[in-house]
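The chain below stands alone and is given in structure tokens; this is the form predicted on its own.
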Amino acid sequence: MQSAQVFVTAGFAGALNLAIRGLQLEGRQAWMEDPGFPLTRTALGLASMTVAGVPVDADGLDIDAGIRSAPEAALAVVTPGQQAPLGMTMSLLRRISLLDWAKQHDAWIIEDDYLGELQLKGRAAPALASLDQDGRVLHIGTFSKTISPALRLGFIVVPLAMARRFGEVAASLAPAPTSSVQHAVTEFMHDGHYLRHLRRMKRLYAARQAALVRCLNELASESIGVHAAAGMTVVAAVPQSVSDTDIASRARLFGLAPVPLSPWYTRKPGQQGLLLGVTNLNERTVAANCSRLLEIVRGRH
């Protein structure tokens, strides 16, 4: 990889916009994981792309289902390291199958590496781009999760053959964040602070995630339960008979901020559930907050 292949962007949104414009994909079909990040779906739609929600299973994106539902797709947007929001890692067989699909159909893959090295269980899976022998993968990463979303700092690594084209597009359409921010992050990484920060955050977030999972399991309720521990969240299942968006709205009145799961689905109705973040969880109040959330789900608040 050469430095000319790496472009600094204003976060994930800036990188995604640069990818769409650089690949000239406006008006084409795109695969997106179902469920998948709602803002990605919105960004693709704003580029006049037709988005096909492709289901995921334990191995990640179902490529055969994608071919059946949108055979003319020119792009697939995936989170292979840890699927957002459900947390599975794309299997090697699926990765190879996805790369073969891109090569055979002259299509592109955007790898959204939203967690980077900040995976709480085990070692981070190798990037999909590391398997790419045909220049079909664009790798997007950000420092939003690993340092702070306030930085609005991300990057995209493009295939070498596309470097000149992307350089021209970036120069005219996608100015990078200020050099002072880039310089500060560069020094932070160069001096070893970044890796120490990651190790510290992994321990802290893993302990908080375990505390939340333990609390939910102790409730042993049919109304709310652990579906998955993924990324820096816990995915909590709630009955299909309730509205997760309504639960989230009512929870905010009590100082809680669960994210509803159903808007992450393309197909409707989506699975009802809640994404419970662990980054700012207070272990002293987690039991009380879990009980309060259960009461809200049951409609008692």
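No experiment lies behind these values; they were computed from the predicted model shown. Note that residue numbering begins at 1 and tracks the sequence as displayed.
Here the subject shifts to the form predicted together with a small molecule, a form of this protein not shown in this document.
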| Pick from Ala84, Ile224, Leu212, Ile110: which residue has any heavy atom within 4.5 angstroms of the small molecule in the model of the complex? | Ala84
| query | Looking at Ser144, Ser91, Ser97, Gln119, which has any heavy atom no more than 4.5 Å from the small molecule in the model of the complex? | reply | Ser144
| task | Report whether the minimum heavy atom distance between Val286 and the small molecule in the model of the complex is within 4.5 Å. | result | no
| message | Even though the partner isn't displayed, in the model of the complex is Leu23 close enough to the small molecule, meaning a heavy atom within 4.5 Å? | response | no
| in the model of the complex, does Gly277 have a heavy atom within 4.5 Å of the small molecule? | no
| Tyr114 within 4.5 Å of the small molecule in the model of the complex, heavy atoms | yes
